[in-house]
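One chain is shown next in structure tokens, namely the form predicted on its own.
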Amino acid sequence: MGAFETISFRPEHCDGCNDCMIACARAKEQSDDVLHSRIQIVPAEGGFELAMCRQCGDPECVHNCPAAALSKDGESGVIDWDASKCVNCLLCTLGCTYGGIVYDAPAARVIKCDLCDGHPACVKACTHGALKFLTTARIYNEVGNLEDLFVPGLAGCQGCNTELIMRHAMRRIGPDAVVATPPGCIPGMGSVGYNGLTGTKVPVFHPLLTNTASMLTGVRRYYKRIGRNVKAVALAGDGGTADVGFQSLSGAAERGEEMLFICVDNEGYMNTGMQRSGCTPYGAWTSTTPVGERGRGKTQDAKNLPLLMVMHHCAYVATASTAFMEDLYDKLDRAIAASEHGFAYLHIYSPCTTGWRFPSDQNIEVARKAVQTNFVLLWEFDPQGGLRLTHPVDDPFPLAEYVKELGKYRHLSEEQIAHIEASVARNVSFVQGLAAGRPPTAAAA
């Protein structure tokens, strides 16, 4: 049995409007009476809680049913209820921890969520983002049995998002690859190894910051010359990509070299003391943009490296985030395919718990809020289809929802926050214009 689709609940976004319950009652019983709803939003201290069938992997309700009226579908993961077998003993309701199967008195039978055949009405009705239908189970089912191409025990910081990116990316790329990891967090955590032992299960080398793309060019051309189709992959930080490494990156992209260049952007040189890079945003504290009597963080806006790569007419360019794994995997697949005939560039935003100063268990939440506030835009580009937004956020959360999470922004003044908000607005306008085929306006450029 693999992973299954499910509905997630984020109580901090729920206002108790009951729209989800009304939608469920209408879909299942053609009624506006929320008593018929398979989902119940329950008032709790300080907010709301969810009572709904979670389609448990080892469902207690199924075990408790003496008539075998409940069973778990091995394909969809949904717990099915057979009316012809049910004897209304209600033992199933006693075994459910989540209040997910209950007795509907007007209907004189038990009711439970069945995910509406993969199109939950409650999720569609929720306009606040409190309910979300998670379909990322397909990723686990597709790649869960593929080999992790990094050894256990890499020396990344606790909660390191970069290690997550490395393992996911190489699991999908596969073993027939050569990996370049220029100086930064990725080799620093042991991927190129210590004392003669490597932390990577495929050929890996440690180029200079300046020549990653040019060395991969030679690797790919050599293997192609001897008749082997080996994927040439770079796993590089933003410093080694946007700054000192940009000259070789730009040259390889301009020539259309057949490789996949993945930039893991943690907005600074985090491995060597948290110095600023070209991708460090305006106002951010780093060890070289300190905060004190005179300094108030970085005084320049971040370099928009993904858009610079679009201007190179690459075979594929995309931005991604580990908070949106389906989007990331779809782009990774397209980038791998594009690297077979041209230059593919994937820019993955990677919050750094150490350098950004936030608790390690909040990594994915920080990554999610960056997208929900439009601080980070998720899009993709290829020469045939142009630029497309893959996760547009038309009603973004206030930027304060993002910056308040991060210690590196704790010092920001109202003027600095206003500057960041204006920069975000310009970037959104610029990218939306490119996606719509409109020429950028002077204000957005």
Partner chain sequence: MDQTHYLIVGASHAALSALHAIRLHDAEGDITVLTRDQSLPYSPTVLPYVVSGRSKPERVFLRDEEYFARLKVKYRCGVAVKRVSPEKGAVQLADGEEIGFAKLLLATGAAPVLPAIPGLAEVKFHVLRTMNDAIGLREAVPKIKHALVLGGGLIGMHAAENLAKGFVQVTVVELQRHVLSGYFDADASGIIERIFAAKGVQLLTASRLAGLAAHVDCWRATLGDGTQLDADLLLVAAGVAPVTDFLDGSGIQIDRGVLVDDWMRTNAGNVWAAGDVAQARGFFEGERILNGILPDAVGQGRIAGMAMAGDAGAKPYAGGVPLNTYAFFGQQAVSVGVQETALDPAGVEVHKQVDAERARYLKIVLRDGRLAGIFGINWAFDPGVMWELILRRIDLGAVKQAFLASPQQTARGLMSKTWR
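Not measured: the values here are computed from a predicted model. Here, rigid core means the biggest group of C-alpha atoms that superpose within 1.5 Å across both forms. Residue numbers count along the first chain shown, from 1.
The form predicted in complex with its partner chain exists for this protein as well; it is not shown, and the discussion that follows is about that form.
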Which single stretch, out of 326-334, 276-284, 87-95, 360-368, brings residue heavy atoms within 4.5 Å of its partner chain in the model of the complex? 87-95
Are all three residues 68, 82 and 401 in contact with its partner chain in the model of the complex, where contact means a non-hydrogen atom within 4.5 Å? yes
With the partner omitted here, the residue among 378, 27, 50, 406 that in the model of the complex has a heavy atom within 4.5 Å of its partner chain is 50
My question is simply whether residue 11 lines the interface with its partner chain in the model of the complex - judged by any non-hydrogen atom within 4.5 Å. yes
Can you work out whether residue 386 and its partner chain are in contact in the model of the complex, taking contact to mean some heavy atom pair no more than 4.5 Å apart? no
Using a 4.5 Å heavy atom cut-off, state whether residue 133 contacts its partner chain in the model of the complex. no
Find out whether any non-hydrogen atom of residue 63 is located within 4.5 angstroms of its partner chain in the model of the complex, and reply yes or no. yes
Of 382-415, which residues get within 4.5 Å of its partner chain in the model of the complex if you count heavy atoms? 394, 395, 396, 397, 398, 401
Displaced residue check between the shown form and the other one: residue 220, CA, 2 Å or over, core reference: no
Quick one: once the rigid core is lined up, does residue 150 have its C-alpha move by 2 Å or more between the shown form and the other one? no
Could you tell me whether the Cα atom of residue 11 shifts by at least 2 Å between the shown form and the other one after core superposition? yes
Given a CA distance change of at least 3 Å, are residue 390 and residue 10 closer or farther in the model of the complex? closer
Residue 328 and residue 14, C-alpha gap in the model of the complex relative to this structure (3 Å or more): closer
